[in-house]
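Only one chain is shown below, in structure tokens, and it's the form predicted on its own.
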């Protein structure tokens, strides 16, 4: 079969690329090895946010007496939460599948793709040919090269979503976005949670000032966090799993019923046959240029598989940019300005440069801060823990913003939008914000600059 575009992978990047190209009149073959929606929809962003809702509600119930709700009696049924999570995922995947099935321009193929040459892909014994191909196969969970990772009870972010009960003791290896989200959720579900992180701070890619304050907040909520912990192995003990780790010169252990391996993800390129057709790639991912094209003309790679930014929305906009380039459509998409959020309690979010990055690059800047404890809406909500930190260039442009506090994941987009338009701090000070709103914490931060 010959078509205008082959897309390998139906996660956020691949799906959006296929839909956009089809809407513009191209015939598309969309290939998916597992489930439509990819990791994000089936085993990542969406199911975890479903659990976040359960966790948030439990947290509010525990604090209900402070708001005059007394003698409240309730219990938590994890099986109901798990079933609701599955229903949410099912509803969204069915919607995507319905759109693809009714499209006259998209041929959906279930199976594992393999390149035969630079224009031909084989799936299930069938061959598909196109002048242009997008690789959007995503990523898979990484594992530490230590003993015990194959033991029962040692899981990745995929398997933990299907455990049948909340573990009494959960050990999370890795304090990045994935690790902290699960730590925060299961702590509120009632688990005793310990987080072990090799780096000096949690959230290694975030601003260290924010990371330090956020760690303090999480510890106050009952999550044990140990930084600079080098995990050495996992063993089966009489009362569960034992995680051994080195802290400075001392060897310590953490006892757990479930161990979550959350040490990052790696590009999913294993079955594609890339080397044989000359596509350049490294352990980080497939090499691409500024329009997401590989070294082989006509073949593009978007999303996690190129290792540039492992976020679902980054994949979607990379896909748009790639299709635009193929079709000669101009755009102003700024792939250097991609907001990121961590759905913990309280939420954290960032966009742009950190203070450390500015120092390393020799960029002149000023850091300014404001705090949720001074925000009227946050005080009314009883959620005053958090801050807003902005990084301002010497010419007044906003280089970055780092937030943690209530609804930080929503608030960060105000800064992201301004950065895309190169709005200066002087201009921002003239923007009127409604009162009382959480967004005023950003406005106050701007006044400090």
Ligand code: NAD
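Just so it is clear, the structure is predicted and the values come from calculations on it, not from any experiment. Positions refer to the first chain, counted from 1.
The same protein also has a form predicted in complex with nicotinamide-adenine-dinucleotide, omitted here; what follows describes it.
**Q** Want to guess which of 71-79, 319-327, 212-220, 192-200 is within 4.5 Å of nicotinamide-adenine-dinucleotide in the model of the complex, heavy atoms only?
**A** Every other range fails; the passing one is 192-200.
**Q** With heavy atoms only and a cut-off of 4.5 Å, decide whether residue 264 touches nicotinamide-adenine-dinucleotide in the model of the complex.
**A** Answer yes; at least one heavy atom of residue 264 falls within 4.5 Å of nicotinamide-adenine-dinucleotide in the model of the complex.
**Q** Is it the case that residue 111, even though its partner is missing from this view, gets within 4.5 Å of nicotinamide-adenine-dinucleotide in the model of the complex, heavy atoms only?
**A** No - in the model of the complex, heavy atoms of residue 111 and nicotinamide-adenine-dinucleotide never come within 4.5 Å of each other.
**Q** Although nicotinamide-adenine-dinucleotide is absent from this view, report whether residue 175 comes within 4.5 Å of it in the model of the complex, heavy atoms only.
**A** Looking in the model of the complex, residue contacts with nicotinamide-adenine-dinucleotide include residue 175, since a heavy atom lies within 4.5 Å.
**Q** Residue-level contact is defined here as any heavy atom of the residue lying within 4.5 Å of nicotinamide-adenine-dinucleotide in the model of the complex; does residue 128 satisfy this criterion?
**A** Outside the cut-off, so no.
**Q** 96, 279, 269, 231: which sits within 4.5 Å of nicotinamide-adenine-dinucleotide in the model of the complex by any heavy atom?
**A** Partner contact (heavy atom, 4.5 Å) among the options: 231.
**Q** Ok, 241, 311, 155, 123: which has a heavy atom sitting within 4.5 Å of nicotinamide-adenine-dinucleotide in the model of the complex?
**A** Exactly one listed residue reaches within 4.5 Å, namely 311.
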